[in-house]
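Form predicted alone, single chain, as structure tokens, below.
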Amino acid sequence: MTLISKLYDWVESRLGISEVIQKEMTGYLLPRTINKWYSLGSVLLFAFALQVISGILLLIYYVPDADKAFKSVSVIMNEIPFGWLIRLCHAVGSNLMVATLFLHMFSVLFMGSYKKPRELQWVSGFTLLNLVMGISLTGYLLPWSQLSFWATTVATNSVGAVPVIGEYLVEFVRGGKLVGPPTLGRFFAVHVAILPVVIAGLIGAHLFFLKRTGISAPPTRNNQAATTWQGGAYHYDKHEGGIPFFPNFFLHDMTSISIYFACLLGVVFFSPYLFFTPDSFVPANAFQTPAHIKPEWYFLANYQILKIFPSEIIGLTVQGAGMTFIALLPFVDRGDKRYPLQRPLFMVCAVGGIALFIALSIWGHLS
């Protein structure tokens, strides 16, 4: 008997690991009609883990000081062995994670998986989307380049449109009247110490809701009901006769994760500056405003909405109303039908909303 097997037996006799594996892996059944869109959740878990690991590695050399931040990033990129790889994986990974989150949300929308009794999964997932965009925004300032400095200035200016307390909110976010060293310190603390913990906790809650209700089966024309749950009592979707998560769907997850990782490395090696502009390589200068400063691609629609309306408060109100509607969608769309083509009003609104988002993003990029 080897040392490893003795150690396994010792742990097994005290914790019953094999029982946990059987229950959570081979005993956890999924609907036989499940498709690859369902693996986007696992891809996002991998993406978040990669961001945490690469972020920790960057912290070894990054200096959160206005006078040293840009230089420390330059040292990481040019002097630290494989520092460029870690930094690019972190920067590109944040963009791809947001893109994957959008795809995950769209798949949930079109398959009607947000409907009862899975309202909490939708609300927690939508909150995660906003938190990930928030952590990307706070990380945007940390290189302390011209782009990050002035993009943060523009982003924080919009908070000032809030009636009565807008001025105080801007000063609170920035740590002063203008973007400066206190802003960098605050964004660094939020990016490194606060948001990752909150996101990790909410991911745990999201997975808990998923486990308790069970995964929803993909909708078909002949299977319209959102669930066999009728209300009034807790019900778990068992999917008797379904396929086990391991090894059946686990292989689908690994395939999707591999595709995501290949796309990430493809951008890093073949188009490393896809998400960078020339101003990303110039140190921040509060006395020299660049000609054209725009936010990251996933904020371009919000940016353009603020430019369309004559008053920023109107633009913020429109955005807030839209975000609130999306967050409360499961409580608004209470019908039982889930098959997209049998929900014509939903299809028109969803496709129109996505087209509007894309059009506003392109408009914001070109304006």
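Start at 1 with the first residue shown and count on from there. Predicted model, so just to flag it, every value in this text is computed and none were measured.
We do not show the form predicted in complex with a small molecule, though everything after this point is about it.
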{"item": "Non-hydrogen atom contact residue 41 with the small molecule in the model of the complex at 4.5 angstroms", "value": "yes"}
{"item": "Close approach of residue 76 to the small molecule in the model of the complex, 4.5 Å, heavy atom", "value": "no"}
{"item": "Exercise: residue 121 in contact with the small molecule in the model of the complex, heavy atom 4.5 Å", "value": "yes"}
{"item": "Any non-hydrogen atom of residue 140 within 4.5 angstroms of the small molecule in the model of the complex", "value": "no"}
{"item": "Non-hydrogen atom within 4.5 angstroms of the small molecule in the model of the complex for each of 52, 133 and 191", "value": "no"}
{"item": "Single option in 150, 126, 260, 144 placed near the small molecule in the model of the complex, where near means a heavy atom within 4.5 Å", "value": "126"}
{"item": "The single option of 264, 170, 108, 86 touching the small molecule in the model of the complex, heavy atom within 4.5 Å", "value": "108"}
{"item": "The small molecule in the model of the complex: contacting segment from 172-180, 152-160, 98-106, 290-298, heavy atom within 4.5 Å", "value": "98-106"}
